[in-house]
Structures are given as structure tokens and as C-alpha cells.
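Structure 1 and structure 2, given next as C-alpha cells, are two forms of the same protein chain, each shown alone.
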Structure 1
């Protein structure tokens, strides 16, 4: 009698625990050190001098940091909202329509920014926007909004599509049988059901936009400093624990939002 093959368990493989532990240490130890030295009482980046909130107070009173943080939040909110709207429409077109020719290609194109190196996307956007600037003379923040929106669409699209694919079509079919038009069906049945996916997609797009450096650094014009690009500029000059404090403040909402996305997606 043939025995049933056992499922492959990666945890049982030799060296799995060591590799997993080393990976976690390599990823999170630098972040832990950064947060710890944000509370350093001295100005040294490598010598511990006791606990202090001095650098957080200085970062809060630094007008450049405050302006960069406000601009980052505004940019992330606008780009995240636009990316979520477009991702919602794309997800509906991919899941609530009959299969059509080119559907697989459309899915691949939507997710292409996840595969292409970010520097390639940034250089492509820089070339296009440079041509537009030369033609129109406009050099406002609209370019950053468009760049962040384009880059964030696939991040918002994935949880929204996953939510739609997990929704039972029975209620939408029943609404149609009860003579509800497509708009009423969407408004009262589909939208409430997919709202957790929309919320998760927006928060993910918001975090990606808030933390972005490469695209922002290449696309931005003079005076358009986000908090990540401002911190990068400070690292190139005289770096102080004030930058650690700003990085810690940037890290907190990122962790909270990513955790919220995980909890929302886990709910059935």
C-alpha cells in the first residue's frame, strides 16, 4: 500500500533557524540601533551617553524638518488617494467582468512597477517630466503627485483585488435579480464588501509614498523636500542624532499602518 507523501516543511530543513534568525537580525538590528541612539543624550552617533528626549525636541523645533514632514504627509495623502481610486477601478475591471482578450497582459502591466527596479521607474519619469517642463514651464508639485501615484497603484491594487476575489457573488446576483441597476448594486453591495480592501490599499500606498526616496529625489524640484529626502541630505552633511529622531518619528506611522493593513487583510 502506497504511503501518502508528506508535505514539505521548510522549518524542518537543516540550518533554517539560523538563516531565519540571521536575516531578522540583519534587517532589524540597524533599525533598533537607530531608534536607540535617537534617545542618546550626547551628540555622538556611536557613543552612548544616557537617555534623553533632547533630539526629539530639537527635531520638533526644526522648521525644515516640520515643513518636510508636512509636505510628505500631504503628498502621501494625495498620491495614496489617487492611487487607491485608480486601483479600485482596475480591480473592478479585472474581477467583475467576463474574461476578455488581453486581461492577463493588463494584470501584468498593472503589477510591472513591483518588478522593475525603482531607479528605472524614477529615471523614466524624470525623462518624461523634463520634456513636459521644457514645453510647459510648469515645475510645481504636480510632478511628484503623478510620480508617486503611478508608483503606488500596484501596491493599492493587490489588497483590493484580493478582497474582490474573496467576495461571494451571491449577493450581487441577488441584487440584480431584484431589479437593482449596476450602480445601486455597486453602491449597496459591492462597495461595502470591498471597503476593507480599499482601506488596506490606501494605507499601503500611503506608507509607500511617505517612505519613498529614489523617485522623489529624481523628480522633485527646488524647495520640494520630503522628510526622507531631507534626511538623506543631512546624512551627506554633518549628521546628528536629530536625524535619528526624525527617522524614528517617520518609522512609527509606517509600522502602525503596515500592522493595520495586516489586521484588516486577515479579517474574514
Structure 2
């Protein structure tokens, strides 16, 4: 940031580069420290005692953590896939059409889960689901799947809609001109064209489901611990780097998927 007096850059502002650099450091340092202490040889979370994989081995041997991780992945896959399918259908209906009655309402409804504070949604689900549980006696994973699917839909919807809106209608018109029926046009032209959007939508939905803690914590029944709710339960205990190891594992899919979405978006 050494500013030479002769090279005056009208865009630069003094100190802004420093703030930007400090922001990146501040955003990553805590995460790097957390990951580093997952590799600590001692049980301290503040004093470095040498490199070791002990805590990952401990986490791997901890049945609670393994079960929670498997359930988290299963839930994110199921809810992410359901949300992506629903969002794809909705996006097909809601883009590239002339404005029609009810469009704004449908759009507002699709985005509604984004707006309400998570704790409020969680509490309202707790109220409704506990009543349903009491009357039907069913306490399976269905509640969590339904809740996760609902709040994943807007995240899946955004990139799919963006992709559809950016797509050229010419190919579809050409296919129709060449006597392709609507279904063939959709299968061979529209679907491949919107695929990057669908993939991005699924990845975001997957990550959002995997990350959720508040709604899961209040909706889950016994034996439905996810990795985040397990970690939340550890807060008041004597924490060891075992939790850091679990947290580190939770970071990997997010970072991979966001980078992938970034690359997909850049290529389009």
C-alpha cells in the first residue's frame, strides 16, 4: 500500500486495503485456530502440545459422534434433494412467463423461510409438531425432513431461478420448430441448460441443512441427534479437542461445496 506521490490512483482510499486485509485475517484466524487445536496432542484448547491425530481417532471411535454425523448427512441429502426437486418445478412455473395473478404471493411464500428468525420458526414448529406427535404417536425423522425441506427450498430456488432467467429461449423455440414435443424439448434442451443451476441449488440446500442447529434442536425427537445439535450439547461440559475434530469435519463439505458453486457460476 505504499503510495507513490506521482502515481495517484483516484480509486484508492488510505487504510481501506489494511481494513480489507484485517477483515480476511479476522474471518479466518478463529477457524484456523479451531482446526489447529483439533490436531493438538494434549487436551488443551489454548496451549499447543504437539501434533497428533488423537482427537480425530477419539471422535471416530465415539459412537455418538459417528451416529450424529451419519444422521446429519442422511438428513441433508434427503431434505436437499426434496427441496431441489420442488424448487426446480416451482422455478419452471415462475420464470419466463408473463406476469400473472398470484405470482407475487407465490414468490413471497417461497422466500418466507428466509425472512423469519430461525428461533421463531423453530418454536412454531415445536408447537405444531408436538401436537401432531401427541395425536398420531409418530415420532420418526419425518418431522425433521419436512422442516429441513421447507427452509432449504428458498436456497435451492435462488440459483435455479437465476439460471433459468439467464437462459436463451431460442433453443427451445428451435426444438419446437423441429417438431420436438414439449416433454422432449424439456428433457433435451431445458433440463441440460438449467443443470448447473440445479446442481448449485442442491449444494446450497445441502449445506444449509447440514448447518442448521436451532430448528433441528427444537424439532428432533430422541435418537435424532445431528452433528451440530451434538456439539451444542457439549458446550456446558468440559470441552476437549474432540469437539474441534467434529467441527473440522463439519467445515469440509461447506468449504468444498461453496468453492464448487463459485467455480460453476464463473464458468457459465
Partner chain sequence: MADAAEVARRYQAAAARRRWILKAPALLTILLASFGPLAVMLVYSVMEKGNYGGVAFGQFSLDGWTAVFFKYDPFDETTSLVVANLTVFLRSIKLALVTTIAALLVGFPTAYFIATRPAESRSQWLLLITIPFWTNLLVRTFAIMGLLSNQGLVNNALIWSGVIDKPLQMLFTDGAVLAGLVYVYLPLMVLPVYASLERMDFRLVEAGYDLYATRWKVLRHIVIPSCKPGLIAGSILVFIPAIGAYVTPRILGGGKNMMMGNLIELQFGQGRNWPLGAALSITLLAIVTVALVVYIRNTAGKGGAHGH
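C-alpha atoms forming the largest set that superposes within 1.5 Å between two forms make up the rigid core. Residue numbers count along the first chain shown, from 1. Nothing here was measured: the structure is a model prediction, and the numbers come from that model.
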Two copies of the same chain, shown separately. Which of them is the form predicted on its own? 1
My question is whether residue 19 is one of the residues whose C-alpha shifts by 2 Å or more between structures 1 and 2, given a fit on the rigid core. yes
My question is whether residue 97 is one of the residues whose C-alpha shifts by 2 Å or more between structures 1 and 2, given a fit on the rigid core. yes
Could you tell me whether the Cα atom of residue 29 shifts by at least 2 Å between structures 1 and 2 after core superposition? yes
